[in-house]
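Have a look below at one chain only, the form predicted on its own, in structure tokens format.
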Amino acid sequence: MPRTASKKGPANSSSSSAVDLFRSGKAATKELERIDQLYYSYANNLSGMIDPEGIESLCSDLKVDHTDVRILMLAWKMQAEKQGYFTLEEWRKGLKALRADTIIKLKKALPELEKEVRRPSNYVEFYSYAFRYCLTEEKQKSIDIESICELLELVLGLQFRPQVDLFVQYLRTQIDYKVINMDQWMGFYRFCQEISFPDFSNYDAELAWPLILDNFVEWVRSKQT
């Protein structure tokens, strides 16, 4: 009975798959080594973390200002927990996702990262993260007005410039609120998306809007009369 080559094919295929898997694993290991090497070029020798000084150096190498919204987007991609600091695990998570193991690749990844963040499916999460990232103290639940104004201009200024400018003007003028909480922060984003501007014709104060937005609309209307 003649021999068939049926067993030979799978054996070769299996061997080839194993080689491919080995090469893939080796490449991933090398990539991770480069990501780690890049991390330690910015990390503080004592703390082992990238601190504000390290982030400033990173921004310099990326040719972006440390107040550039893309640095906040990078922190979002890493899911960094502490403002102004990146841990090794956070760095690995972000750079592996961006497929960036050199400063050149990271710089090239920033425009794509911005596109990713600005997708509606991601933006609400990013907007919420921006608030949480600015909670610098343990058990802190609100942010002072001046910091909120700066944060609004950074994260919402591009999409809703007229609304942000007017709300910031109101926040800096009013005396009732010293801080803003998460509910008020998220409420303003929904306000920008849903409410007709500048006439506020579809704004209903009877609905569940944060009181600060009722006051804001009232303030604007009083200026228009």
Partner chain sequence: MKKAKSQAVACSLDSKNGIKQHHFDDATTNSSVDPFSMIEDHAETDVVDSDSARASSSGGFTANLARKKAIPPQPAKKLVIKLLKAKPTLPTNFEENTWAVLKSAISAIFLKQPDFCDLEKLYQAVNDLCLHKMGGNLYQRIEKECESHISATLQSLVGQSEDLVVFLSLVETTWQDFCDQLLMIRGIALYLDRTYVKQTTNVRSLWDMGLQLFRKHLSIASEVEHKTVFGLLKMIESERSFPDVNLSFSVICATVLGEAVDRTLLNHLLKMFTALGIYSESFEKPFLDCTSEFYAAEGVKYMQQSDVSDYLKHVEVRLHEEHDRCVLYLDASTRKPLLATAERQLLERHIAAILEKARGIFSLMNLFLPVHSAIFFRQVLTFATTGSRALSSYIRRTGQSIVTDEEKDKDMVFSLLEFKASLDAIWEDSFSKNEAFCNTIKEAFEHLINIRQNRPAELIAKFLDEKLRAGNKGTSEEELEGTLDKVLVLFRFIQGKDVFEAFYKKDLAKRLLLGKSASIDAEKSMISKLKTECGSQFTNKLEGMYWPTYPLMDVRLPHELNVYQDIFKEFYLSKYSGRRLMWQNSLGHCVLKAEFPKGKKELAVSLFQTVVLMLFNDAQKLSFQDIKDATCIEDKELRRTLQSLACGKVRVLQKNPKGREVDDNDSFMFNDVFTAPLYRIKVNAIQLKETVEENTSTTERVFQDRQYQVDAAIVRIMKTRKVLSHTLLITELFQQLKFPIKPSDLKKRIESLIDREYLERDRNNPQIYNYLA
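Numbering follows the first chain given and starts at 1. Predicted model only: the values in this text are computed from it and were never measured.
What comes next is about the form predicted in complex with the partner chain, which is not displayed.
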*190, 66, 161, 30: which sits within 4.5 Å of the partner chain in the predicted complex by any heavy atom?*
190
*Any idea which of 40-48, 177-185, 152-160, 54-62 reaches within 4.5 Å of the partner chain in the predicted complex, heavy atoms considered?*
177-185
_Contact flag, residue 141 vs the partner chain in the predicted complex, heavy atom cut 4.5 Å_ = yes
*In sequence order, which positions of 174-211 have a non-hydrogen atom within 4.5 Å of the partner chain in the predicted complex?*
181, 183, 184, 190, 205, 206, 207, 208, 209, 210, 211
